[in-house]
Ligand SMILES: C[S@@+](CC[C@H](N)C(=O)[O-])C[C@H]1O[C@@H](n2cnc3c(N)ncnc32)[C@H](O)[C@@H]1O
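One chain is shown next in C-alpha cells, namely the form predicted on its own.
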C-alpha cells in the first residue's frame, strides 16, 4: 500500500516536471523545428511521410502537439484538426499562431489534457492521429505509456493511420559524445539510460524515456494495428547538427544531394535505430 502511494506520487511529480518544462519552453518549441536545416530535416521528413499515408481529407488529432507547428501545417493543407496537449502555455502559444496563420476555421478545437486519458473523444473519432516529437516518451512508467498507446489507437478510426515519433536511445549517446561529453562522467546515470531508457531529468532536459527502435516496434506489434513503416527523421545526419547546417548554408547544391541520400536511407532499420527521432507509422485494424 505504501509502495503504491510512493509510486503514485512519483508519477504525479514527473508529470508536473514535464508540464513545467514545456510551459517554460513554449516559444522554443514553436521555433525548434524550423530554426535551422538540421531541425527542418526532422520536420520535413515527418511531413513527407504524413503526405504519403494521410487520407486526402478528414479530421486529424494532433495529440501532444504543443504550440501547434504540425496542426497549422495540416490546417493549411485543408485538414480539420484538433490540437490536444497538457501544457497550457504551449496551447496559448498555439492559439496565437493559429490566428496569425488564419487557419482558425480548420482548427476545430484546442484542448488541454493527457494522452493517457482521452475520454473526451469517442472511439474511432479521427481519420488520422499524430503523436509526434517525443510526447510518448515523457511517460516514464511502462504501464501508463502502454495506456497512452491504447488511447491513441482507440480514438483512431478503423483502417486509419497513426503516426508516433519518439527520441532514440542510441542517438543520445552519440549526441553526448559530440556535444556534451562532460556529462558522460555520470556513469550510473548513463548506464541506467542505456539499460532502461529512463531519464528522470535534471541535466538540461525533462523526464524522458528514450526508445530503442526494436522496443517501439515490439510494443506496436502486440496492438491491433499493422505497422506500415518506420522512419529515422534525422537519419544518417543524426547528432551532426553543426556539419549539416554548414553544408546547407555553404553548399546548397550538395545539400540537395544530401537530402536525396537521406530519403533513400531513412527507412533502413540501422538508420532508424540510431536516429535522434524516429517515427512508427501504423494502420489500425
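Since the model is a prediction, treat every value here as computed from it, not as a measurement. Residue numbers count along the first chain shown, from 1.
The discussion below concerns the form predicted in complex with the ligand, not included here.
Checked against the ligand in the model of the complex, the candidates 113, 124, 78, 201 yield a single residue with a heavy atom inside 4.5 Å, and that residue is 113.
For the candidate set 208, 87, 156, 213, a heavy atom within 4.5 Å of the ligand in the model of the complex is found for exactly one residue, namely 87. Contact check for residue 217: every heavy atom lies farther than 4.5 Å from the ligand in the model of the complex. Contact annotation: residue 94 falls outside 4.5 Å of the ligand in the model of the complex, judged by heavy atom distances. Within 4.5 Å of any heavy atom of the ligand in the model of the complex lies no heavy atom of residue 49. For the chain shown alone, residue 248 is not a contact residue for the ligand in the model of the complex, no non-hydrogen atom being within 4.5 angstroms.
The stretch among 184-192, 170-178, 134-142, 101-109 whose residues place heavy atoms within 4.5 Å of the ligand in the model of the complex is 134-142. Along 21-60, residues 22, 29, 32, 33 each place a heavy atom within 4.5 Å of the ligand in the model of the complex.
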